[in-house]
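Only one chain is shown below, in structure tokens, and it's the form predicted on its own.
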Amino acid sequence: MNIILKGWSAYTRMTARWPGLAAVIPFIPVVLLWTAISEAGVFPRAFFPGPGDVVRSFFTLTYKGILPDYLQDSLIRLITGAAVGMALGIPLGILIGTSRWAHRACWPVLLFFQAIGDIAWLPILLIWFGFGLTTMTFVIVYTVLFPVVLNTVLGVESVPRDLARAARSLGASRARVLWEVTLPGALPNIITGLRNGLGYGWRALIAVEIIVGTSGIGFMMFDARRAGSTVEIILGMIILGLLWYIVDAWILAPIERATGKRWGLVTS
């Protein structure tokens, strides 16, 4: 028991001094187990490559320029779709959250289309737009839109009415109340919606690239399946996990915490 406590104490001190280690250390047992299984030959090497094979594949694909090009295509599609989804979702969420008439008119429609999954649109999108960028962008925008809208509505409705009344009694216009009271108060929920939307959008992008793409990480994984290259499939899976971890843990989560603390939703 003392050894465990001392080990935990050392781990806590070490991760407090170097916070980046807290993200790396939990993966060490996973990699060790993976190495042990692959080296033991439990499964044929062609079906279950080891970490060394994946690392070599990473450098090979990077040297050939395949991996950077595919990664760039996937990130551009995600950023474009997320930007359009935010540009549509945030104003729509504010409108629904601030207007009773807009809420009555839009809410049932919103819930109806939310129930139709993004992939369910693919058959008709392929007929309309074919196997191209428009189809992929539509799916990503559609996936990002709903979490952003719903969380924006929740954020707007959670702002205390008394704050708006107080601002109006001091002579603030409706636009100023919206800009200086409602929007800042709803921002933590908007960031949460964006965080969820990007996560769903990232997964939807990979699915769409697998089905209709001609480039991107999803396409690389599907193309590797046809070539029987298990190592490239595993490499694609690892890249997906690492990229999302970096975006979520290092960019979105700090923004969410910062906005929460700024407006009093997080106290520690």
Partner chain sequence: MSLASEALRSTKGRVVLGVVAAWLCFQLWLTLAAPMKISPELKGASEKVNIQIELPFVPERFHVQSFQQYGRVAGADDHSIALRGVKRTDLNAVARPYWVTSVGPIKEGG
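No experiment lies behind these values; they were computed from the predicted model shown. Residue numbers count along the first chain shown, from 1.
Same protein, other form: the form predicted in complex with its partner chain, not shown, and the subject of what follows.
J.: Consider Phe27 of the chain shown here, and say whether it contacts its partner chain in the predicted complex, taking contact as heavy atoms within 4.5 Å.
T.: Output for Phe27 is no: heavy atoms all beyond 4.5 Å of its partner chain.
J.: Since only the chain is shown here, I'm wondering whether Ile211 would be in contact with its partner chain in the predicted complex (any heavy atom pair within 4.5 Å).
T.: No, Ile211 stays farther than 4.5 Å from its partner chain in the predicted complex.
J.: Indicate whether Pro44 is a 4.5 Å heavy atom neighbour of its partner chain in the predicted complex.
T.: Taking the distances in the predicted complex, the answer for Pro44 is no, it never comes within 4.5 Å of its partner chain.
J.: Classify Thr35 as contacting or not contacting its partner chain in the predicted complex by the rule of any non-hydrogen atom within 4.5 angstroms, answering yes or no.
T.: Outside the cut-off, so no.
J.: Its partner chain isn't shown here, but in the predicted complex which of Val54, Ala207, Ile233, Ile66 has a heavy atom within 4.5 Å of it?
T.: Exactly one listed residue reaches within 4.5 Å, namely Ile66.
J.: Counting only non-hydrogen atoms, choose the one of 36-44, 199-207, 66-74, 233-241 that falls within 4.5 Å of its partner chain in the predicted complex.
T.: Selected range: 66-74.
J.: Identify whether its partner chain in the predicted complex is within 4.5 Å of every residue in the set Thr62, Asp223 and Trp250, based on non-hydrogen atoms.
T.: Yes.
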